[in-house]
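We begin with a single chain expressed as C-alpha cells, specifically the form predicted on its own.
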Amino acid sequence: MSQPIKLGCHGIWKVYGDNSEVFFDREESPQSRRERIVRGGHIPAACDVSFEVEKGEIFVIMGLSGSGKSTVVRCLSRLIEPSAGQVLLDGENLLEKSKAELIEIRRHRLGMVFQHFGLLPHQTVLENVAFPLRVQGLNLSDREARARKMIELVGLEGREANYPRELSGGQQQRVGIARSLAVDPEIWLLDEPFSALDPLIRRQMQDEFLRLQKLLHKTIIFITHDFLEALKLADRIAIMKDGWVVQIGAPAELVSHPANDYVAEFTRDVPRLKIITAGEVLKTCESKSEPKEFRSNTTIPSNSTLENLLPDLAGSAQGLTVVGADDQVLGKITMHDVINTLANSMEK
C-alpha cells in the first residue's frame, strides 16, 4: 500500500540571468519556454521539474554533471530560489513561506548533507553534532545527550572529543550525517554525500545509510551521478538531462524499460541479476482458484532479485513459488523464465 505524499515538487524552474521573471509572464509549453529562455541569453538550470516523494521513500535524483540535479535539491530547501513552481511539504508551499518561517522549517524539519562535509574545524565531534540543536536554543545537557545518541547511531562512540582533522574522510562524513539527524528531520536531503570518499569507504557508507534508514524511516531525497549507487539505495529514481527529468521509475523499470537512448546508455552496463526481481519474470497463475499447482518446496518473495534467488532456483527443477507481501501465492518462475527475461533485457 502506498504511503501519503510527503514532498511534492511541481513545475520547478530555475533560470539564471537578470530579469528571468519575464519568461513566466504567459502560458506556453515547457519546451517553448526553454527555447525562449535560451534565445534571451539566460541559462535554464532546471526545466519544469515535477515529482512526488512518499513518506519513508528513498527518492534518488541522478544525472551527469550539469544535468540540474543539485540545483533541484537546493530549490527544495530554497538555498537557491526557484524562478517558478511549487515545493509542497505536507501540502504547504515552501515558496510562499517568509524568511523567518523558512529558517524554522530548516531548523526543525529538514536535514541536509553535502559532498563537502562542512564540519567546524575548531569544534569537537560532539560539538559539531550538537551545533544545530544549539541553534534551536536547546539547553546544553539536552543537546549533548541528543548528540551522543546520534554519534552512537552512526558508529562513532568514543570519538566525541576528537576534532575533524583527527578523523578519516568516512568518519567525517558520519559526523555530518549525525549532525543532520540530530534535529530529527522529516525530510533528509543528501547531495552526493559519498562521492568524495574512496570506493571501499563509499560502499561502507552506503551500507551504513541503508542501515540507518531501516531504523529511522526518513523521507529522503538523495543526489548522485553514480547509477550503481542509485540502484543500491533507491526506491525510485529520477534521471535528469539538461535540466529536464527524462524518466522516473523503480530501478528495475529503468533497466528493463528505458524511456530513451540517454537512459539506456546509463543502464547498459548494469548487472541485471542485481536489479531484476522475481516479480519481473513471474509466470502468473493461470488459475487463481487453484494456486497449489504452483506450490514448490521453496517460496520466495516477489521482490527477491535474481542474484539472491538463483542458488535456490538452480537446485529446483520444478521452479520456485513466488509469494506476495501477504504470503499469497502469485505464481512460479523457472530457470527457463529467468533466461528468457535476461535475454530480452540485454536486447533493449
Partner chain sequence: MKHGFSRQIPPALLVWILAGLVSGVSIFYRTELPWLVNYPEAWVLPVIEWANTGMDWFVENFRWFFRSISWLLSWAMSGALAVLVWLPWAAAIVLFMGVALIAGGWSLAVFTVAALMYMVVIGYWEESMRTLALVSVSVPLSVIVGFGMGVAALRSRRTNRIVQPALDLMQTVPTFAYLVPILLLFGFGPVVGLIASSIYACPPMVRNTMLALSRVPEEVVESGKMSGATERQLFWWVRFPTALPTIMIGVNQATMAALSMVIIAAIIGSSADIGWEVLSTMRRANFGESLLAGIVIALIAMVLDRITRAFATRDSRKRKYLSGVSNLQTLVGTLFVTAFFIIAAQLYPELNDYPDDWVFYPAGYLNDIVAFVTVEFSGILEAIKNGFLFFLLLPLRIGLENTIRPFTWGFTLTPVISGGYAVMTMLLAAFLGVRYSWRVSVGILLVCSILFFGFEHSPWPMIIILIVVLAWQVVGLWIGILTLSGLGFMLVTGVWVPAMRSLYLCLAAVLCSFLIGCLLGILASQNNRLSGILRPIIDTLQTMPLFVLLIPVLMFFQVGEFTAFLAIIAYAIVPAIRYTEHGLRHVDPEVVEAARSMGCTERQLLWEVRLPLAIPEIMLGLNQTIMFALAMLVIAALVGTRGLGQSIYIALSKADFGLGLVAGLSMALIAIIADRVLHAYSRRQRQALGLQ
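Residue numbers count along the first chain shown, from 1. The structure displayed is predicted, hence computed values, not measured ones.
Form predicted together with its partner chain: not shown, discussed below.
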| query | finding |
| --- | --- |
| is_contact(P132, its partner chain) in the predicted complex, heavy atom dist at most 4.5 Å | yes |
| 4.5 Å heavy atom contact, D207 and its partner chain in the predicted complex | no |
| Contact test in the predicted complex: L89 vs its partner chain, heavy atoms, 4.5 Å | no |
| 4.5 angstroms heavy atom contact with its partner chain in the predicted complex for E166 | yes |
| Heavy atom within 4.5 Å of its partner chain in the predicted complex - residue from L153, L79, A84, L95 | L79 |
| In the predicted complex, the residue from Q171, S256, Q115, Q247 that sits within 4.5 Å of its partner chain by heavy atoms | Q115 |
| Candidate stretches 106 to 114, 145 to 153, 247 to 255, 262 to 270, one within 4.5 Å of its partner chain in the predicted complex by heavy atom | 106 to 114 |
| Contacts with its partner chain in the predicted complex, stretch 230 to 263 (heavy atom within 4.5 Å) | none |
